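Heads up, the chain below is alone and in the form predicted alone; it's given as C-alpha cells.
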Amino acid sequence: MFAVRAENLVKIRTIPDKDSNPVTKRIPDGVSFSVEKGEIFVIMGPSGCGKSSILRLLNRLEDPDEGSIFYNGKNIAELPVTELRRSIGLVMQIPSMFEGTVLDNILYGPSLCGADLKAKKEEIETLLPWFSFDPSILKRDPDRLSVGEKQRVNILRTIANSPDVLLLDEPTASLDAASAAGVLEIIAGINKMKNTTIIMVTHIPEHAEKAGGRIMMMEPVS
C-alpha cells in the first residue's frame, strides 16, 4: 500500500515576470507520483519548478487548485489538519526556533498533543547520540546554535511527534559539506530504524544520490 499518492497536482500562482508584471502560472503543473511505506523518495529540479510547493500541499499548508492527495488511501482533504500534520511532519529549509531551551522546542509538538512529556524526554535523550548531540544541548538557548545544529534540532523536533511520513525541504541546502553529510546520515537512520517514509526535496544531485531511494525529476516551469 502506498503511504502517499498524488494525482495531477496543480497550484495556480501569480508571480512577477522579469519586468515585474504579474503572470499566472501553474506551479506545480499536473504532477503525479506515489510513495510506498518506508521508502525514501527524492524530488529534484530547478528553483521555481514547484518542489517545495508539493511539500506544502502534502502537509496542507496549502491546498491544490486541481488534483488530489491520498495518505494511506484517504484523501487528505477529508482529514483534520492537526491529525494530518502529526502523521506527515514537515521540516522547513530555514530552521526556526521558539523561545526557551532546545528541549522546550523539541517537546513543543508533543505538549500540544497531551503526550507524557517525561517519557518523551527520555525517548529524546536516547536519540541524542544519533544526532551527534551531548545531553547538555537540551538546556541550551537555540539562538546560540550553529545552522547545522539548528537543522538537526529541527529534524529532531519533527520526529518527536512520531510521524509516519517525514517531509524535508532542502534540509542540506544551507549547510557545509560535513554538516550536510551528517544530516543525510540522520535521514537514512530515521528511515532504517523507524521505517519512516521520507520525501525529500533538493536541487543538489550529490545529496539526492546519497539520500538513496527513488528520484523524481521536475522540469522548469515555462
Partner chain sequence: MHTSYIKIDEISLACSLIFMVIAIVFSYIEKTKLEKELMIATVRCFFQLMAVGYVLRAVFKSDKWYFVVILVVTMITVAGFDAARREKKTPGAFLIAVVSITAGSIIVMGIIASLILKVDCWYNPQYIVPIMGMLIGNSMNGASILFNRLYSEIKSNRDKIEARLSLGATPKQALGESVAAAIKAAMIPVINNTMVVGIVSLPGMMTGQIIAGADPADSVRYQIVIMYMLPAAVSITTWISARMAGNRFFTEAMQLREM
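Positions refer to the first chain, counted from 1. The structure presented is a predicted model; accordingly, all values stated were derived computationally and were not measured.
What follows is about the form predicted together with the partner chain, which we do not show.
J.: In the predicted complex, does Lys51 have a heavy atom within 4.5 Å of the partner chain?
T.: No, Lys51 stays farther than 4.5 Å from the partner chain in the predicted complex.
J.: Spell out, yes or no, whether the shortest heavy atom distance between Lys150 and the partner chain in the predicted complex is within 4.5 Å.
T.: Residue-level check for Lys150: no, no contact with the partner chain.
J.: Given that the partner is absent here, does Leu90 sit within 4.5 Å of the partner chain in the predicted complex, heavy atoms only?
T.: Leu90: contacts the partner chain in the predicted complex.
J.: Is there a heavy atom of Val81 lying 4.5 Å or less from a heavy atom of the partner chain in the predicted complex?
T.: Yes, Val81 lies within 4.5 Å of the partner chain in the predicted complex.
J.: Whether Glu62, Gly109 and Leu112 jointly form a contact site for the partner chain in the predicted complex is the question; each needs a heavy atom within 4.5 Å.
T.: Result yes, every residue of the spot touches the partner chain.
J.: Pick the stretch from 27-35, 158-166, 65-73, 181-189 whose residues have a heavy atom within 4.5 Å of the partner chain in the predicted complex.
T.: Of the options given, it is 158-166.
J.: Which residue, Leu103, Leu127, Leu145, Met97, has a heavy atom that falls within 4.5 Å of the partner chain in the predicted complex?
T.: Flagged contact: Met97.
J.: Quick one: name the residues from 166-203 with any non-hydrogen atom within 4.5 angstroms of the partner chain in the predicted complex.
T.: Stretch hits: zero.
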